[in-house]
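Before any questions on how it binds or moves, here is one chain, the form predicted alone, in structure tokens.
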């Protein structure tokens, strides 16, 4: 029942927070996320090696007459993403302790409700439940961006809403069709993930192609992948920092998770048929995102395009259908969540003190903020995949997989390392070095809460880079099971 508890705890705590005063709500929310982290660590430690979904799975009656159940489970891939979610939430809340937002109780409540829905997406083992959680995860972020966002928050949130609902409708049609076929194929209606797999694989190539594109649009928008990305830079820029961290650090992983868990195993023939097209689009995104990032002067927008570029490499690696590519993408999802959360936290700290995100208006911060300088540098190095840091392991595995698939594709995708170093060091140098400006001459170093929020991310940056074995061993059984399935077709 631990998988159910991982959804119920943030859900109930979030509902309670709505009725509490601001400071009390903050304390309850932070305490709930710490308990959630402990429970997640215990759950992940219970996962049995070699098992796709082990004894932690739970299935409760929901709509029994229709073959729909409240079915949850964890494997190495979903377990790693639930762990990422549970790790980032207390750090995100801790980073907000210096903020003075309106309606703080509602703010913290929505953060917890979003956590519950995100965990539900990764744990769902029923198509209807997966779709329900997918949609539920969008509502809090709409409200967070729409209420606490920047000046253009209304139009930007509307654009985000239109894109995501458009994609979700395609996914709904695909899942509904697969569900409708279960009675004919199995003799009874079922939305269980194993039965959806059976029906999807039984379709001919034409049928799989229709399902492929319906699911790919939904997951591609969420990631996002080129050319479905135009909502992302504006939404990341206009959203408040905590919502941006949730969007970039966790929510985009919903799309990648969808590819691995709900697209490849359901329509493997169509996935293999269109792999060259997806890899081509993904690599365009890798280069395009990096080039646009270099041209940005708004540091938040720069990191947004950087995130878009990194996601393109993950998508390309997944569609090599190799163990190195898929596992590299899985590990990189965790590593990217760590680095991008740290970057957006630091950007928020800088903006709070200077009221600016313009690289040209900043500079000289390192002279008065040595702690920020050191932590910012380490997280930057992890973001550019320096060896022995978090970004290196996944990026190396993904490029290795692309190299085996196609050397030209790997060579083009590999430019992300060069471009990444360019825009990240331009960012770091422009903000931290040089002469102090009017905005930065009285800059204050990190507070204790801000430092504590960043230190675990720095620890993870080195841990993943120096000793990735726990993360690789956790995801390996589920990855190998998927690769074996794809290789047998």
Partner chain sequence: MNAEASELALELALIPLIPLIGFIINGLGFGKLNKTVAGWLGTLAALGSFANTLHVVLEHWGQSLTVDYFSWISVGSLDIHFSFLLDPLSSIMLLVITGVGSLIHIYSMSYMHHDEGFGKFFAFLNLFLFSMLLLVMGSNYVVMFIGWEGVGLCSFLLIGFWNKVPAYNAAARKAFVMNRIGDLGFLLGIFILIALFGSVEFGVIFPQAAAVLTPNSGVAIALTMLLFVGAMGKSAQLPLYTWLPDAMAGPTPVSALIHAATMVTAGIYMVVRSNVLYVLAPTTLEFVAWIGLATALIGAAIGLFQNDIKKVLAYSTVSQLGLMFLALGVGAFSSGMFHVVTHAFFKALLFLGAGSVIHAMSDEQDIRKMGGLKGKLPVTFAVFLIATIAISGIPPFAGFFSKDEILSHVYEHSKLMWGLGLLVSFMTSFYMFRLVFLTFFGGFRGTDHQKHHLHESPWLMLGPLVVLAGLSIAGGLLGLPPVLSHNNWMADTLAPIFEQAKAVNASLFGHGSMTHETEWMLMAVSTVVALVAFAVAAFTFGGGKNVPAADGSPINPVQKLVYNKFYIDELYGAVIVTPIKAFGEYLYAVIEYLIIDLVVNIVGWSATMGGKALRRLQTGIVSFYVLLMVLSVVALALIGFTIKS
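The structure displayed is predicted, hence computed values, not measured ones. Positions refer to the first chain, counted from 1.
Another form exists, predicted in complex with its partner chain; not displayed. Remarks below refer to it.
Residue contact check for residue 425: one or more of its heavy atoms lie within 4.5 Å of its partner chain in the predicted complex. For the chain shown alone, residue 477 is not a contact residue for its partner chain in the predicted complex, no non-hydrogen atom being within 4.5 angstroms. Though the partner is left out of this view, residue 181 does not reach within 4.5 Å of its partner chain in the predicted complex, counting heavy atoms only. Using a 4.5 angstroms threshold between heavy atoms, residue 194 stays clear of its partner chain in the predicted complex. Of the candidate stretches 78-86, 389-397, 114-122, 184-192, only 389-397 has residues whose heavy atoms lie within 4.5 Å of its partner chain in the predicted complex.
Taking a 4.5 Å heavy atom cutoff to its partner chain in the predicted complex, the contact residue among 288, 148, 170, 177 is 288. 292 is the sole member of 292, 281, 94, 275 with a non-hydrogen atom lying within 4.5 angstroms of its partner chain in the predicted complex. In sequence order, 132, 135, 139, 142 are the residues of 122-151 having a heavy atom within 4.5 Å of its partner chain in the predicted complex; the partner itself is omitted from this view.
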